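So this first bit is one chain, no partners, the form predicted alone, shown in structure tokens.
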Amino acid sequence: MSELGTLEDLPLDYREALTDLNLLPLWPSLRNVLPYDIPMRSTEATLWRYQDLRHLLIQAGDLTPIEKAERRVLVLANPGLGLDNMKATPTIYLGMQLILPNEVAPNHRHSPSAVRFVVEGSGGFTTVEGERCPMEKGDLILTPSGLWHEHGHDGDGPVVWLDALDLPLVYSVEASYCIEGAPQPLSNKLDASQTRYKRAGLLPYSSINQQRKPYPLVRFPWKDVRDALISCEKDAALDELVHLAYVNPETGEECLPILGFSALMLRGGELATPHRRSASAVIHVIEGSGQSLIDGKTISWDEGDTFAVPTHANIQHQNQSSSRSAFLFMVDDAPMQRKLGFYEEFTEKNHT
């Protein structure tokens, strides 16, 4: 394979003529944008320890009133992508958000889609388009693009959740913006996850013939997801990963168009080797402790921790407890990649 020419191979006057016309030659940089075998990756396998950042988040509650913060958030930024760029992976923004008793994070809507995954506390709530959604540890709440949402807290103690947004992608195409709104009037209906979509395979009869809403279910209680994982484990082979996707209950498709969400269960002592995938991901530890080997880098994790997984990474997950299961929540950009036609999953055995 012949070597490509370099920029320095070209005469200075030729390079200057290109620059004057806002032009540049492709061939010196071709392998940077189209490398062989796997993409060029700046994303690092990065761990954010909850016990390390929690006291700084609580301190933020003392230092900055909610009125001056609007959303009191510490951003989980990947050092390989530049801290100021506020990216956990090239497509995923992560933030750890705090709300205290009697505080209100005001109503707004924005072009990026977001989810809230509750890390700690009880008594918090998110209102989405008039539907009040309780926030308990492990619950997933969707706030899709363009939908009004606000947060509040009428309990005791801090409530903390993990924000995951497709902000890096939306911002990169210069489409990211927000609109402020008045507080939402509440509907008189209960949270849909407690009423309309309580059992898999069953829908409200009225949903059969009417036009479907794009986001019929915006809250996925952790209690239900955890029970489902345990039920699936009973039928799973010993070498089969217990892994469930969060989906739209009326269509079976992924909840949101760009980011995907799923939950994993690692049985006691289990060593899991997922297939290498083209998608980037972040993983949050709901319960348990263990280690993950990501492209040869060992990450030791405990409850509340979060870590980033680059695209095309070779991965192993190890539950360090021989008797207790570990539960993980994953966000990835597979839905976007599928829609754009370049998602891949490699079935060869990984050797890390």
Ligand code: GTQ
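Predicted, not measured: the structure shown is a model, and the values here were computed from it. Sequential numbering from 1, following the sequence displayed.
There is another form of this protein, the form predicted together with ligand GTQ, and it is not shown here; the text below is about that form.
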Report task. Given ligand GTQ in the model of the complex, answer whether the residues R196, R219 and N248 all have a heavy atom inside 4.5 Å of it. Result -> no
Query raised in the report: Heavy atom within 4.5 Å of ligand GTQ in the model of the complex: which of C133, L76, L165, M265?
Result: L165
Report summary line: None of T127, Q97, S145, T273 but one has a heavy atom within 4.5 Å of ligand GTQ in the model of the complex; the exception is Q97
Report summary line: The stretch from 235-243, 102-110, 207-215, 185-193 that lies within 4.5 Å of ligand GTQ in the model of the complex, judged by heavy atoms, is 102-110
Query raised in the report: Going by a heavy atom distance of 4.5 Å, is F117 a contact of ligand GTQ in the model of the complex?
Result: no
Query raised in the report: With the partner left out of view, is K223 within 4.5 angstroms of ligand GTQ in the model of the complex by any non-hydrogen atom?
Result: no
Query raised in the report: Is H149 one of the residues lying within 4.5 Å of ligand GTQ in the model of the complex, judged by heavy atom distances?
Result: yes
Query raised in the report: Is F261 a contact residue for ligand GTQ in the model of the complex, using a 4.5 Å heavy atom cut-off?
Result: no
Query raised in the report: If you look in the model of the complex, which residues in 178-209 sit within 4.5 Å of ligand GTQ (heavy atoms)?
Result: none
